[in-house]
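The data below hold one chain only, encoded as structure tokens and taken in the form predicted on its own.
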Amino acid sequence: MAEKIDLLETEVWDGNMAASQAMRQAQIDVVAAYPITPSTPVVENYGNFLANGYIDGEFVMVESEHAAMSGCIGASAAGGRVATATSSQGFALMVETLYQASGMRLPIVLNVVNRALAAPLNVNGDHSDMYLGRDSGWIQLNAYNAQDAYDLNLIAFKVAENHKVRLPVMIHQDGFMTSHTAEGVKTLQDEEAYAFVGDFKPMNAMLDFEKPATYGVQTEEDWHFEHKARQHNDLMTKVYPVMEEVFAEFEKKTGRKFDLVTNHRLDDAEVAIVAMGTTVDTAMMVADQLREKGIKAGVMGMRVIRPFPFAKIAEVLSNVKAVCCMDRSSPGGAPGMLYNEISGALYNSAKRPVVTGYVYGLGGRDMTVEYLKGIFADGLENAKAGKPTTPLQQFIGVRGPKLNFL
């Protein structure tokens, strides 16, 4: 596999700019938006591109995030390539319409710049909004940095618009830590980026009067079950092969490899951290440092959150003795989502590892190298004992008396 350097340029962009530039290169027909921190620059940048004549299309300012996704739904159903962005409380207001978009199989792309949910009010990043939308029927991809935010937007359009899929896609990136942090981003030239995404090919467009289609129908007990079972679940299983094909095509064009999960030094690892967002890159650095000391540490990053890649997770973690799951969201009296779902993926594995959970980083609190070293140390103790020697769920970095759950 040869990296096509001649097609790549390096720009200094933050995650928001990286996402909006990929949207520009995809030549979107409609962006309907209502700004909210920290995702505002995604749609603001796009509006500037349009105002300055760099792109064609429509930029529609609406009165709320609910209206933003409603506008995207209408434009997508009419046969357009559509995208927008939101965060936190705006995402929460948008949730009702997310189910409409997935239920109608509309290939909308949504950049979610992850931020804490109130109360108390907080504009910094955690994964509360990500967790809120995980059962909405959307494909969900996870960016660890600005480069990923660029790459995954191009990938998202190609996956969503595949006629075997036709489902909406979210790309998640950490608020401020990715969205407002500038770094070098290797970009495709405009014509190559668009060639990768491809021309938009409508399917069941409302404005195709030769082939009429109905949207927004009502089903009761006679057909509602079938619709949900086949679409929100069975159809999601069809996403894996399409996504893997798109990942392979993207690697061939750029040299950058994506998979359902990120496998960092897990083949012989005794202890692994499972994480999302910016924590993945930091955890990989810490694992490399520990390897220099003879500690067999590894990291699994969640690249695809929905559909949840159970089989791939069980395969990648098959030889690990202890797994530490990092949840950046307040679980509300239960173990965190990653703890629960990773445990489910591993429950029937032949070498069932010890699984523990960690809640961290709420409201933008830092996850440090020292904290991660301590978590790896916990995992090593559990691996040696073959059972939990630490609480099943800990709160990392919280001030005051130590908090554990279970």
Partner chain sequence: MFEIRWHSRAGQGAVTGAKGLAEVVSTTGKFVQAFAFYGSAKRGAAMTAYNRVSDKRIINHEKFMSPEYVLIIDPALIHTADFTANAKENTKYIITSHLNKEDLVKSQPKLEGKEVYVVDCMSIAMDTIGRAIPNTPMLGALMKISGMYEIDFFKESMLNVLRKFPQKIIDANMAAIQRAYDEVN
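This structure is a prediction, so every number in the text was calculated from the model and none was measured. Numbering follows the first chain given and starts at 1.
FYI, the form predicted in complex with the partner chain isn't displayed, but the following is about it.
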- Query: Are any of the heavy atoms in T254 no more than 4.5 Å from a heavy atom of the partner chain in the predicted bound form?
  - Reply: no
- Message: Whether A51 contacts the partner chain in the predicted bound form should be assessed with a 4.5 Å heavy atom distance threshold; does it?
- Response: no
- Message: At 4.5 Å between heavy atoms, is H180 in contact with the partner chain in the predicted bound form?
- Response: yes
- If you check in the predicted bound form, is M367 within 4.5 Å of the partner chain, heavy atoms only? yes
- Note on the structure: In contact with the partner chain in the predicted bound form (heavy atoms, 4.5 Å), from 237-245, 192-200, 86-94, 142-150, is stretch 142-150
- Query: With the partner left out here, if you bring back the partner chain in the predicted bound form, are V123, G184 and D281 all within 4.5 Å of it by some heavy atom?
  - Reply: yes
- Candidate from M285, L132, I295, A314 lying within 4.5 Å of the partner chain in the predicted bound form - any heavy atom: M285
